[in-house]
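A single chain, nothing else alongside it, follows as structure tokens in the form predicted on its own.
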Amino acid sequence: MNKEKIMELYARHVSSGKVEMYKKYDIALVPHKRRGVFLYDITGKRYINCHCNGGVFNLGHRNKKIMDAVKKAMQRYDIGNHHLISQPKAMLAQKLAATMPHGLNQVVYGVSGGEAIDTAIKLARAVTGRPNIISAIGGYHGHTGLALATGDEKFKKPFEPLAPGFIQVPFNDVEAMRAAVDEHTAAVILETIPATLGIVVPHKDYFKEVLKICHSHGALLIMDEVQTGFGRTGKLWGFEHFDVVPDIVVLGKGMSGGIYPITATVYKEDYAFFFKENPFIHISTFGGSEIGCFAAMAVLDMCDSTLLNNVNEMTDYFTKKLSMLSSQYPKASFTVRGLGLMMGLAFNDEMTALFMVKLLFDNGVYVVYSGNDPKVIQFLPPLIITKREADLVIAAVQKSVQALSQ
């Protein structure tokens, strides 16, 4: 089936709006072959995936070790039964707990990041007996019910009325948080690095201050590590950079290895009493599929010191090269921000950033802009990227900023 026919069918039965938008800006990509850092359009054109679906493809496309783990698991397992006790779920939970700070050792599985966020919010309300959830303006936690309610108006307005009790404050503003948290607050939920807000890195003590505020009022701190987790920032978990131990951590995207959907809500054993008393009050039919558990265990095995060293080395390399291009082409006027390989290219205005997305696309690099700050291009190359592959990206960026400057 050729590209036009696929797009026609997709428009007819899946999303006509998406097809119209991609056609309008001539950035239609229909993925076909994929391997490692590369993604091929069905026409055969090759792209380096520097968005990675927000970190889903941290370890590249169709990673052999993850695929082998899933193939082996399929010889014995299926999705399992959420009513029953499961060896693969127990094994994965043990591995996750071993990577977390002391006490963060309880795991609830899901299928999507939004579902895992919903679980975290449900748990926070259940153990505190309080209604209010505080999130950041411009942040993003998903499109499911409670997750959607944490977000900005443009995402949730069409679906009102939503669940009450949700409050937003500016990100990286301790005083605004201090003013918002009170005896009605169940939890504060924050992304470690808000991607949709434009890859904003908070000041070093921000999360420690927020945690103090939460605990002084008996509220919990939920860290959304859906995008920052599994090595994206140069440490296994993004919150490790900030010397903070959250009460609940939400994991997703990279946990799947891009092969089998699985997410998790990890919480402190202090709150295990709720699910002990109510073991069937929260269920997910497909959450923690026993096959998916083996994909996630393979991911954790690969998130070792070798991978993290590569992330930090490539962070330095990209930062140096991109900053040089910024100086070399001042008319393009962009700055580099981020933590690890969770990077953003920040331009002066939205139109310039959108042109850059198109130019990079034409030059074989796939990126997207930040939904709540379109001046910033999200730049998230696979964590396994090599210097040789990075040079291909840098060459494409140079060609693009050169054209942009003209």
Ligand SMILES: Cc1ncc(COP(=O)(O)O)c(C=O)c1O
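Computed from a prediction, not measured in an experiment: that's the story for all the values here. Position 1 is the first residue in the sequence shown; the rest follow in order.
Keep in mind the form predicted together with the named molecule is missing from the figure; the text below concerns it.
Of the candidate stretches 292-300, 205-213, 100-108, 226-234, only 226-234 contains residues with a heavy atom within 4.5 Å of the named molecule in the predicted bound form.
Using a 4.5 angstroms threshold between heavy atoms, residue 113 counts as touching the named molecule in the predicted bound form.
Heavy atoms of residue 89 never reach within 4.5 Å of the named molecule in the predicted bound form, leaving it off the interface.
Mapping the unseen interface onto this chain, residue 142 counts among the residues with a heavy atom inside 4.5 Å of the named molecule in the predicted bound form. Taking the partner from elsewhere, residue 118 is found to have every heavy atom lying beyond 4.5 Å of the named molecule in the predicted bound form.
Residues of 186-213 placing a heavy atom within 4.5 Å of the named molecule in the predicted bound form: 191 alone.
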